[in-house]
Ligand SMILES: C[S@@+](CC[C@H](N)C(=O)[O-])C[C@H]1O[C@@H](n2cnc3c(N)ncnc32)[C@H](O)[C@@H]1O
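Okay, so here's just one chain, in structure tokens, the form predicted alone.
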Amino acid sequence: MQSIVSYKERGIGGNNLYRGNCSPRLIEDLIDFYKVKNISDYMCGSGTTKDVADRKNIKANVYDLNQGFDLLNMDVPERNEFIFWHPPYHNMIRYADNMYAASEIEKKYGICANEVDLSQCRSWEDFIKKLNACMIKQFASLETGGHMAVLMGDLKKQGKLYSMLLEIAKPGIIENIVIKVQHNCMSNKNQYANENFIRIQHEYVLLLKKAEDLIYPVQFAVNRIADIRNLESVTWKDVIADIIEKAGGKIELHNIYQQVSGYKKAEKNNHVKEKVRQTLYAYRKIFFFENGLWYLS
């Protein structure tokens, strides 16, 4: 197995009409690479993992919401050697009431599928929160020395990239990140009025190892709003340039003083006004003065 994998031919297993279904060849390669004897999949979709495991003559524990298993709220039954997980990519493909009837799941198992289906999360933040809860729950079920492979992708909406890889919790040891080339994507057939964007042609396989039994590292992404006036690593040039930009491209000097006053950038400097003036005159290719106002070139 290499750090980039590409399967032009899908392979045998699962139902290729079940949207979001991954290539059985990826699961085959993971089983062969890790010499897996027992594999679990708690969002097995159409059953690709089970089909591959049967062909490889190894044991498979497979579950899905469409079979009455709610990973968010139910316990993971096994102590696992290897887990393969291919979660939904937020709401790119909706599963409940699309690939199966939510009413049938509620009638048969008493589970409100629309409420616990990760593809039905209304916001990206809610999706990431639930995704990470499922991640930690599964990883904790690994035996010491066990592995987990997570197949995931990126989404792009209204010019903004939403990356599962960047925001998913990463417990244990990150052994590798494999790039999987995508073939025959539904979006490839679409024509857009504005083609001024980069089409996503890959997915990621995050490979994790549980090396410790009780205490292990977990990487969580934390999103914060940062004011550059409170960041010590940002230069005075860029602070002042942003202040002028926010003011519409022109500003009086005393307003620059006011905009930096009270922030960390100014707290450690006893000569803030002098520093502002020094910066303005030192970068005359960026700032210029005219009619009582400072401008950006």
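On a predicted model such as this, the values are computed, not experimentally measured, just so you know. Residue indices: 1-based, along the sequence shown.
Beyond what is shown, the protein has a form predicted together with the ligand; the following relates to that form.
- Proximity to the ligand in the model of the complex, defined as a heavy atom within 4.5 Å, holds among 71, 178, 135, 165 only for 71.
- Contact with the ligand in the model of the complex, defined as a heavy atom within 4.5 Å, holds for exactly one of 239, 26, 52, 65, namely 65.
- Although the partner is absent here, residue 86 lies within 4.5 Å of the ligand in the model of the complex, judged by heavy atoms.
- Taking the partner from the other structure, the ligand in the model of the complex has no heavy atom within 4.5 Å of any heavy atom of residue 92.
- At a distance threshold of 4.5 angstroms between non-hydrogen atoms, residue 39 is out of contact with the ligand in the model of the complex.
- In the model of the complex, at least one heavy atom of residue 46 sits within 4.5 Å of a heavy atom of the ligand.
- Here the chain stands by itself, but in the model of the complex one stretch of 141-149, 113-121, 215-223, 157-165, 113-121, has heavy atoms within 4.5 Å of the ligand.
- Annotation for 1-39: interface residues with the ligand in the model of the complex are 18, 20, 21, 22 [heavy atom within 4.5 Å].
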